[in-house]
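Here we start with a single chain on its own, the form predicted on its own, put down as structure tokens.
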């Protein structure tokens, strides 16, 4: 019996509607990252470069009265610094173009307190340019730090200084190519040289800088740059300089009242859920006790094991890691620092060389609409835009990994498709032992990536359980690894 055209069209329409329904992504939950924030998340690990007159005066914070002639690196090589960063897995560098002392690493036309009055390159050099050129040459992103506080400038704490500061900001954002991150420090006001006044000057850090107007300059000149400060607007300080994010670390925060130099570190380290904005944490820490090079710290460089721990407690908790590498008085990364970085990289490379999950058979308690575009294969396709997700009413699903032969591992990795928000609140990992499931580890907050370390386990089966989520999960990636 021949099907009528009307019936055939109706069945086709019904089939199309069913496919469309099955293929529909879950509705996003909570605040979502912007495109610039998504690009920033993908970097995960990059470097900080603290280099100024302090390197030569053996200080951490310069007073502002340092003679420009003290800045005299004997063998500066931006390529050595950038190569070191790249070889050890960093994907960008942020340069302290001007620290609190006010000395500028570029020949700013708005001050004489800069490299143009130093013996380096006979006063004709531009260190910001050499760094930005080297980053482009070696395929790293380039970012800049411009201290809002200036202990050298005579106008600091007056309205005239804000004009000066913004003029310098425009120089940095227009002369050195694409900027991936703009770093605003929270240190503001205090004693200083101030053009010879040698006095203490205080400012109201809520109002003095008129941050909204300053941030607009960055948005206009470098729309893809993420801005860092205690209060964002794109990235938040993690609340400490010791190298860790909270074991629970939400990518969301309530931004009301958050300004550079004015935020609660206890809140910053954890974040807030649900939060009004996507405001992920950046973990800033130095490879040495100080932020600038001091010869007396040559034997106090963090060990490879310490650096690996920092990595797991920052990148492994959904934050990004910015690790400071202070050039020495030659203008190079010291040999001790280089060795520690390379050994750290070797440990991480060996750890993540083989994802044992790829050898396992994956099965899930639920797949959204039974649709293959949301099945467990998406957890191993290397894309953060795809995901295994479940039906809307399934908020506590399970994922099982089964191997033909026993495997041994001590690292578990899981990531969410954060384009749909940070959805999972709590989860656990079990292994099959002695004929029963045994919990190995549990944790909160996933976000862009979560890495968990534990004592080695040997098993033929492992199970991920989502134990708390207000909406259905949407996981982008899983991994099972063994540390060397």
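Numbering follows the first chain given and starts at 1. If you're wondering where the values come from, they're calculated on a predicted model, not measured in any experiment.
A second form of this protein, the form predicted together with a small molecule, is not displayed here; the remarks below concern that form.
Not displayed here, the small molecule is approached by residue 99 to within 4.5 Å at the level of heavy atoms in the model of the complex. At least one heavy atom of residue 50 is located within 4.5 Å of the small molecule in the model of the complex. Though the partner is left out of this view, residue 256 does not reach within 4.5 Å of the small molecule in the model of the complex, counting heavy atoms only. In the model of the complex, the small molecule lies within 4.5 Å of some heavy atom of residue 284. Segments offered: 184-192, 389-397, 375-383, 211-219. Contacting the small molecule in the model of the complex at heavy atom distances within 4.5 Å is 184-192. Among 291, 71, 250, 412, the residue placing a heavy atom within 4.5 Å of the small molecule in the model of the complex is 291. Of the candidates 241, 122, 112, 264, 241 is the one whose heavy atoms come within 4.5 Å of the small molecule in the model of the complex; the others do not.
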